[in-house]
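Okay, so here's just one chain, in structure tokens, the form predicted alone.
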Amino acid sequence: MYVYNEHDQKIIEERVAQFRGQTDRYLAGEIAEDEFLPLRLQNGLYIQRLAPMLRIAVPYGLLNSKQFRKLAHIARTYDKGYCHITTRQNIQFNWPQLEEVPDILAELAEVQMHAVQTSGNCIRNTTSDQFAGVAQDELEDPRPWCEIIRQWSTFHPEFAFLPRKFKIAVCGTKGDRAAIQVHDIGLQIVKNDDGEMGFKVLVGGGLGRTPVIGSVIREFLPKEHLLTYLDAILRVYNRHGNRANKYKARIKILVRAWKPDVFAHEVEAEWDNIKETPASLTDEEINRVKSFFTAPDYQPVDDNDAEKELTKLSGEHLAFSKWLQRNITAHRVPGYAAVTLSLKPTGVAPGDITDQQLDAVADLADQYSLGEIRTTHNQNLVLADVKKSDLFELWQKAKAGGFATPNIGTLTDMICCPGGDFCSLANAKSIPVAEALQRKFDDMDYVYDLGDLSLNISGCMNACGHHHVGNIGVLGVDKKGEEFYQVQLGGSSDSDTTLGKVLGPSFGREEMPEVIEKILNVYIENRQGDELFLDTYRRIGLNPFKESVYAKDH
């Protein structure tokens, strides 16, 4: 992973000192509330329903064990003993004291972490595939390109105050595990007919109040021109984005209003003026960044022997067998596997992890995965480099730590924003709905029979829970001061990205388990063979689900 040099470290330390002074002056009454607001947002600090919330940047979801232990220390010392993993792979603390936030930032700087540009109208954390660098289906590791974008975008003076927040995602596979089609800019690494690596560029995707699937504006961008082309896109948006209405300020609104071909023409015209400037990437710079992401020194493992032993242990331990089926992803190096640690046990808010668990995961990473941990879009964790011969022992320790639930990709591996329990923007609570569904569908045999199925919950139209792209999406809405929940069906964030369709009128919170059960019953009654929920929905359409859910009981 990328390691700060002396300049990186100095910049972050100076930012901490600057914000400490700003906070002290605000608390002393020398800075007004409206003046302090943009200053705190630039440092990841929100004021939520009950307390401040501090969002920590986790570039493309990559952390080391030392950083994880620092997060555990912060959770114990400055918060209430836990933190939350977001759908953008970042970390949130929900209970810091305002006067202690500079101390938290200073401690983060000790381990090369910060909260810069995790909020505000700027370029946010660049996200990627949680299996980047180890995936068997990968064309090229996207992490060096994410790091190049991170270095370009951090403190970029031209794009510090955009019309609205801005999000970029990069994937290195044909299959999309980074949801690039619902980002302001989505980049897919591709190879042209001459065998050269470059990028397919999508622009104008996003969820929230107006969900839009991004449009391809360039089929192939040579890799050396990545930053100049991003500059051109951002410049066009910065000039023409709607600053008068924040609900119409995202780039997706501009692209849709102009049409993608017009927007692409404007970008190409802007790019013509800057693509041959010193901002073009040199091979030397690309290789410098790539040098931080070289393959580790993998130990030789006899893959056949390891597989035989796993088959034997699976036959002896059914729970281990289920864990292997659901929580293990194939690795590009024979004898190794990527392990997903589930943060979705029943009764725990999806994505929450305690200080003790943070320390335990750091220990597992050191012992079994070369000291590295990854956060995921689905609010789980990944140990990416585990020897197959260590999987049984790792499973036993993960089970003791509370993060070996064998449910990855299933109904109970649901995405859920903090909702009205914390967020001041939320219309309704999300966490109680998630818990009610976890308890309703606690029969794992039933859950496994349903197969792969995504259920995403958002507490408001900002869609932090990505409800638009869940196979089943739940949106909290406000009806005359009362909390209700709207259901959407048919969404997907995979390569065939689709936006869900609203089922019909919303429901009360207590109705939600029964509503979801009726939806699942329609799927079970209509599926053909091993057909997944999304395939059945696409074949039979919305009406059978609607008829079942809204049918009058006689």
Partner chain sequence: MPKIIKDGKVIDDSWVIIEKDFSGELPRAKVLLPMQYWLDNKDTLNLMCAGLWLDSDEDVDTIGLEANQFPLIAVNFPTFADGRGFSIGRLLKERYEFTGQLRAIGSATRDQLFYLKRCGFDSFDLKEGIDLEAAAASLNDFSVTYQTSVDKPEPLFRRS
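Note that this is a predicted model, so its numbers are computed, not measured. Residue numbers count along the first chain shown, from 1.
Keep in mind that the form predicted in complex with its partner chain is missing from the display, and what follows is about it.
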Option from 525-533, 63-71, 34-42, 507-515 whose residues, in the predicted complex, bring a heavy atom within 4.5 Å of its partner chain: 34-42
Contact of residue 10 with its partner chain in the predicted complex (heavy atom, 4.5 Å): yes
Would residue 158 count as a contact of its partner chain in the predicted complex, using a 4.5 angstroms cut-off between non-hydrogen atoms? yes
Taking its partner chain as it sits in the predicted complex, is residue 209 in contact with it (heavy atom to heavy atom, 4.5 Å or less)? no
Interface membership of residue 88, its partner chain in the predicted complex, 4.5 Å heavy atom rule: no
In the predicted complex, the residue from 311, 136, 245, 273 with a non-hydrogen atom within 4.5 Å of its partner chain is 273
Considering 150, 387, 84, 225, which brings a non-hydrogen atom within 4.5 Å of its partner chain in the predicted complex? 150
If you look in the predicted complex, which residues in 13-37 sit within 4.5 Å of its partner chain (heavy atoms)? 14, 15, 18, 22, 25, 31, 34, 35
